[in-house]
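Presented below, as structure tokens, is a lone chain in the form predicted on its own.
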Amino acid sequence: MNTKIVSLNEDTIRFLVDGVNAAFANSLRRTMVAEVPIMTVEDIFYFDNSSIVPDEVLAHRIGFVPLTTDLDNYVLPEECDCEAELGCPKCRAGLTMDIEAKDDTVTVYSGDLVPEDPSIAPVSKRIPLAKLAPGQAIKFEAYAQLGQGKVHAKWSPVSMCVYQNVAFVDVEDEAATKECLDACGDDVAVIEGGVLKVIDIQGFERCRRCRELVRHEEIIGGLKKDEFLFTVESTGGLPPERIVKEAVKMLKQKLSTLKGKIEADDLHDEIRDFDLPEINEGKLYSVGSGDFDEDEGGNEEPQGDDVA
């Protein structure tokens, strides 16, 4: 397997992976989307919320505010030895908000969240959360923790993570193609050994002149099945290159575990018997909603305190 970085900036990385199949490429994509952990707000304790935004709606908005993440100094709550409901300094970070509108209407932004740890702070300070009329206020304590996108989308570290096949196409007019590529850039396509290598198909076809030189059908017919262009855009919680590194590390660990199971011939979990609850299909309430006795007239009288 060979890799090559095509471009890298503050929030997006584009890289080529050669020598893998689509199954591996998709496994890497899914790991980046759903398993690389980032920090986000999970618990909020309100002291005052007199805005028109309900508590649960405001909490939902705050939960989706991207926070910068320090993977070196924090651990997932399930991996922490504190066993505390709200965590400890090793697995959670606190943020507070205390803002009040006095004479004028005030817009509450993500920048009004005050972090206890400067390394766990809102990525952007200009995300609107609520508006306060004069006399209204919002005051709370929030606790952020690491989590994974497979549990909730707010913990996904990427806003985009896609891959596409690279294509190799024979060109008739190499001079004209080179002239066009000089304008489009070598991160879109390059000529190698007299063959056009289309790295970014969408980017290539955005150029009208490129579309005239190479037809779409030729590109689709020249797709290489074991080379892919990945585009990974971070939400800002982690640098894009760190997301890729963490995903590769997690994927290697999974493969190592699978290899150990194969070598130990331990590929099948034991299937255990389990008891089904007894259900009286003649009754219209659910199991566990209380004990009922039916009288002669078919009426049911509740017995006990737990009544549905």
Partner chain sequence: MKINIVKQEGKYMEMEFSGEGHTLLNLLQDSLLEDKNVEMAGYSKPHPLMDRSNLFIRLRRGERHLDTIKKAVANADGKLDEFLADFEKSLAETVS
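From a predicted model like this one, the values you see are computed outputs, not experimental measurements. Each form is matched to the other, and the largest set of C-alpha atoms that superpose within 1.5 Å is called the rigid core. Positions refer to the first chain, counted from 1.
Here the subject shifts to the form predicted in complex with its partner chain, a form of this protein not shown in this document.
A.B. asks: If you check in the model of the complex, is Arg30 within 4.5 Å of its partner chain, heavy atoms only?
C.D. replies: Looking in the model of the complex, residue contacts with its partner chain include Arg30, since a heavy atom lies within 4.5 Å.
A.B. asks: With the partner left out here, check for me: in the model of the complex, does some heavy atom of Val244 sit within 4.5 Å of its partner chain?
C.D. replies: Val244 belongs to the contact set for its partner chain.
A.B. asks: Might Ser50 be said to contact its partner chain in the model of the complex, defining contact as any heavy atom within 4.5 Å?
C.D. replies: Output for Ser50 is no: heavy atoms all beyond 4.5 Å of its partner chain.
A.B. asks: Is Val57 part of the interface with its partner chain in the model of the complex - any heavy atom within 4.5 Å?
C.D. replies: No, Val57 is distant from the partner.
A.B. asks: For the stretch 242-262, return the residues whose heavy atoms include at least one within 4.5 Å of its partner chain in the model of the complex, in the order they occur.
C.D. replies: Contacts from 242-262: Val244, Lys245, Val248, Leu251, Lys252, Lys254, Leu255, Thr257, Leu258, Lys259, Lys261, Ile262.
A.B. asks: Following rigid core alignment, is the displacement of the Ser50 C-alpha between the shown form and the other one equal to or greater than 2 angstroms?
C.D. replies: Where the cores coincide, Ser50 shows only a C-alpha shift between the shown form and the other one that is less than 2 Å.
A.B. asks: For a quick test of reading the superposition: does Thr257 move by 2 Å or more at the CA between the shown form and the other one, rigid core aligned?
C.D. replies: Thr257 C-alpha, core-superposed: shift of 2 Å or more.
A.B. asks: Would one find the Cα atoms of Lys261 and Glu79 closer or farther in the model of the complex than in this form, where their distance changes by 3 Å or more?
C.D. replies: Closer is correct, given that in the model of the complex the C-alpha spacing of Lys261 to Glu79 is reduced by at least 3 Å.
A.B. asks: Note whether the distance between the C-alpha atoms of Glu79 and Glu263 decreases (closer) or increases (farther) in the model of the complex, against the displayed form; the change is 3 Å or more.
C.D. replies: They are closer; the C-alpha distance drops by 3 Å or more in the model of the complex.
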